[in-house]
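This document opens with one chain alone, in structure tokens, the form predicted alone.
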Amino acid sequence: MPTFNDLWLASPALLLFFGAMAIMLGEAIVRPASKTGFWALALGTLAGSAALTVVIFLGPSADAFGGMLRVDQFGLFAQLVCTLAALLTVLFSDDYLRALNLRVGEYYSLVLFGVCGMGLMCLANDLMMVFVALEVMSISMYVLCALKRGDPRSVEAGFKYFILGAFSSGLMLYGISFLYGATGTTSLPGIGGFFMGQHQGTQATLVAIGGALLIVGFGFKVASVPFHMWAPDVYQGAPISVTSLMSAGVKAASFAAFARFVYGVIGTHSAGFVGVLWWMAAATMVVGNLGALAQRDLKRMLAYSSIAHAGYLLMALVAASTGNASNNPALASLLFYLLAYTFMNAGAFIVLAAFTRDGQDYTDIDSLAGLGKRHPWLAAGLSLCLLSMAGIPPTMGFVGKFYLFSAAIQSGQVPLAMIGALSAAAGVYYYLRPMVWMYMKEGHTEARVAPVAFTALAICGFALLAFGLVPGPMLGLAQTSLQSLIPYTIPTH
């Protein structure tokens, strides 16, 4: 039976679950014409979950539910990033859904269910818990992607994401079965202990197959090459608010679970897996940045950008696997950059949502023409987010990229860092191109943004500048969070 301490440690996820159930029952029984009440309840639930996460973060690390969850600062930091991504998304969702003529209360319920799964995924310390949390998160995202039932592109996005997601989940479950067959456990520390020994024959083969299948599953969720094919079409077809949550929240949760698997299971004991991660990181950075160069639709451009950013984050996993993670402080950039990406990604999608009207999203780059003259503050907010994505100082994105590359270099991965730097330099072009349209092209496309959505944009802009100019406190917090994971999971000889 779960103890009170177990329930307390899982209280952020439990609050999200009960909030989602309340909204779902309210929509089914009351069916109010206005969904603003559900919007407010979702905001309050997310804020309460964030507050509980902060309180638990200040306490000691502990296991919960018999070791199925490891509630440490690493997982809680990532959980807070996921909650923040949902908060920023929900802030502009009410006005956006009204412009899209999509007034369904289950939207907010599905968002809360999805974030609940994300939070559990960040803390999962057992492969079965990883799988369950992954499915809770993924099923919510499948439905949200297809929420515009009258739009063929939205239905296609949901169907494509569901088919490929189900396939990757099956591969992941199959990989878990192989690892269980070889080690007799699904616990990450238990499997990590197995990796410390020298094994040959059937056991080594089962571990190799199981680990490879898990990497494929995680690769799909973070949209890394060659498992990225779904991202551009799904990002383009899904509602903008869903794309915002999916690109930031899902990525943060997936990378948190992926990092726990790499740090805690693979460690420095499998050169083969490290080589696979190396090539995945290099290909993801190159394909993501080159693919974005040819895009005129801004959602597709941001999809390829998301792929490139997954490549940068994979560098931190490679760096952790090729050296002593506890002696490489720059690895904290994994958490720092996930937070930075949440702010700059949410800010960009808030501006794109301002062009939605008459039930349609207008995300072609031509929509930005003349925005600098007509709505200078919107243009300034989008410009700041794009500059941060490009890694231009003094933004938070620049600091995050600097430490990601530093982590790779400190672990001896200089060629990988060079590939990342060259691909990032090529990517500057497609980040600057929308700014040319905003400030140097004439246009008359109307844009409108509600005060609450503009507040969310201002929060993103302020955070990108504040943590770019004074990154020390947040980097220190990220480093402390990382150290809570390493002593527990990294096997040492």
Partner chain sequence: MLSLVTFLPIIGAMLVAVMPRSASKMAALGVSLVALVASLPLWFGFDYAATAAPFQFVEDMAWIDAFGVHYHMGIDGVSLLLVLLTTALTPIIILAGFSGVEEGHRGYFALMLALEGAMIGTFVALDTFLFYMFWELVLIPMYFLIGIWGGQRRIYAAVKFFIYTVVGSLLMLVAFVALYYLNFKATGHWTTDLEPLLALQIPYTTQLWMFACFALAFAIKVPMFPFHTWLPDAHVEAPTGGSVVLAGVMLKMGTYGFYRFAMPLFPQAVVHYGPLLIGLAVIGIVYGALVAMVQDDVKKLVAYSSVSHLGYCMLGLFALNAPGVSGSVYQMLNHGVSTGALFLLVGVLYERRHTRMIAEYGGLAKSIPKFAFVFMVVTFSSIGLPGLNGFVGEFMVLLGAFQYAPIPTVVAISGVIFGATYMLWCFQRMVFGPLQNQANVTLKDLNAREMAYLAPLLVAIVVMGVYPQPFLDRINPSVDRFVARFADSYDGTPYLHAGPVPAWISGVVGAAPVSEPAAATEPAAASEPAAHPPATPTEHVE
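Because the structure is predicted, anything quoted here is derived from the model rather than measured. Numbering follows the first chain given and starts at 1.
The same protein also has a form predicted in complex with the partner chain, omitted here; what follows describes it.
At the 4.5 Å threshold, heavy atoms of Leu87 stay clear of the partner chain in the predicted bound form, well away from it. Taking non-hydrogen atoms only, Ile409 approaches the partner chain to within 4.5 angstroms in the predicted bound form.
A residue is said to contact a partner when one of its heavy atoms sits within 4.5 Å of a partner heavy atom; Leu469 meets this definition for the partner chain in the predicted bound form. In the predicted bound form, at least one heavy atom of Ala424 sits within 4.5 Å of the partner chain.
For the candidate set Leu290, Ala212, Ala204, Met418, a heavy atom within 4.5 Å of the partner chain in the predicted bound form is found for exactly one residue, namely Met418. With the partner omitted from this view, the residue of Leu387, Leu352, Ala281, Met137 that lies near the partner chain in the predicted bound form is Leu387 [heavy atom within 4.5 Å]. For the three residues Gly359, Arg448 and Ala458, a heavy atom within 4.5 Å of the partner chain turns up in the predicted bound form in no case. Proximity to the partner chain in the predicted bound form, taken as heavy atoms within 4.5 Å, picks out 392-400 from the listed stretches 117-125, 392-400, 340-348, 251-259. The partner is not shown here, but in the predicted bound form the stretch 407-444 reaches within 4.5 angstroms of the partner chain through a heavy atom at Ile409, Gln410, Val414, Ala417, Met418, Ala421, Leu422, Ala424, Ala425, Val428, Tyr429, Leu432, Met435, Val436, Tyr439, Met440, Lys441.
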